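Okay, here we've got a single chain as structure tokens, the form predicted on its own, with questions on binding and movement later.
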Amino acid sequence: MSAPYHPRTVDRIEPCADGLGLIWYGSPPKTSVSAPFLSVPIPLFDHRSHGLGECWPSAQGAVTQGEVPGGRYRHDDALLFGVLEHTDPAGQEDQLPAASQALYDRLFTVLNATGFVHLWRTWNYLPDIHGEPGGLERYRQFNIGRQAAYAAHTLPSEQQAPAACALGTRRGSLQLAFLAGKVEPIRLENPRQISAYHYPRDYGPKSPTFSRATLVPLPHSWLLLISGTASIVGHESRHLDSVRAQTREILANLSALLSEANARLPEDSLGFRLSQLQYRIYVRHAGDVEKIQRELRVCLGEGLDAHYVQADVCRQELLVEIEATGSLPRS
């Protein structure tokens, strides 16, 4: 039986030179690779390294590379990974919706041209996510453009929305990384939460476009891609004054998602476990890292595969967001 497919954490970018691509956090690396590569300008809370990358290796077959304006992509027979950047007009009124729509238009052009038409996962990073040029928060402006791109390509949110996250950076440009395939994923929702694409207009003129998680049946693996998950029940933020309580609420949401994922697996499958996932933890305030670590150790034990970075979560009252990836072998 082949080992299950999953991303690899690297402290240098060279080991990913032959992979499909990578997302890098922390200090920008001093070397470069030809693989699609996104350097996200957010600090890393890891004293062992100035930077860490999430490398998506090749899964099956020969690797092919392509370019589009502002981005690159690579694919093998099973997966496609790509990165796109748009010079982000931070602070300019009414510019971000057009920028985010243009970025997603290019993404869908890549998918249609390559035949990897099923979008599994996106990572979105935008500077000054809570700024309000023209009186509308930039994250809400971003959602207008993202949903406009889905509508232009006649992609209904409920049937096509990938797992996703959207985090704020303090500088840089609008950035997007994405993972896609020829196999349609199983899109998962959390019974504890209202689907993001059904949020009321209290959260902006257009709802966010993502699923809570996607479960992908690869040839030798089940790949679980969990969206950025926060302390939200229904559609409301919870525990506004406690990062420890927010962390516990997130774990309850992740547990509910794992139950949904495991219910889709064959009966003889081992099932996903919280303690065995790979985690990226976005923390708003540096002083909260140790509190979050303590809650995770109490709930999930020692030795978690977890990395902490500093970023602004999409709602100003939320202090922490956690995304996760899991993999299991298929018979």
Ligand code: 3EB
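So that there is no doubt, residue numbering starts at 1 and follows the sequence shown. Owing to the predicted nature of the structure, the values given are computational and were not obtained by experimental measurement.
What follows is about the form predicted in complex with 3-(2-carboxyethyl)benzoic acid, which we do not show.
Trainee: Quick check on this chain: which one of 166, 119, 223, 80 has a heavy atom within 4.5 Å of 3-(2-carboxyethyl)benzoic acid in the model of the complex?
Mentor: Only one option qualifies, and that one is 166.
Trainee: Could you tell me which one of 125, 73, 139, 178 places a heavy atom within 4.5 Å of 3-(2-carboxyethyl)benzoic acid in the model of the complex?
Mentor: Flagged contact: 139.
Trainee: Please determine whether residue 230 contacts 3-(2-carboxyethyl)benzoic acid in the model of the complex, using a 4.5 Å cut-off between heavy atoms.
Mentor: Residue 230: yes, in contact with 3-(2-carboxyethyl)benzoic acid in the model of the complex.
Trainee: Taking 3-(2-carboxyethyl)benzoic acid as it sits in the model of the complex, is residue 16 in contact with it (heavy atom to heavy atom, 4.5 Å or less)?
Mentor: No - in the model of the complex, heavy atoms of residue 16 and 3-(2-carboxyethyl)benzoic acid never come within 4.5 Å of each other.
Trainee: Is residue 108 close enough to touch 3-(2-carboxyethyl)benzoic acid in the model of the complex, meaning at least one heavy atom pair within 4.5 Å?
Mentor: Contact with 3-(2-carboxyethyl)benzoic acid, no.
Trainee: Whether residue 208 contacts 3-(2-carboxyethyl)benzoic acid in the model of the complex should be assessed with a 4.5 Å heavy atom distance threshold; does it?
Mentor: Heavy-atom contact with 3-(2-carboxyethyl)benzoic acid at 4.5 Å: present for residue 208.
Trainee: Any chance 143, 146 and 199 all have a heavy atom within 4.5 Å of 3-(2-carboxyethyl)benzoic acid in the model of the complex?
Mentor: Checked in the model of the complex: all three residues contact 3-(2-carboxyethyl)benzoic acid.
Trainee: Given that the partner is absent here, state which listed stretch (169-177, 208-216, 239-247, 108-116) has heavy atoms within 4.5 Å of 3-(2-carboxyethyl)benzoic acid in the model of the complex.
Mentor: Answer to the contact question: 208-216.
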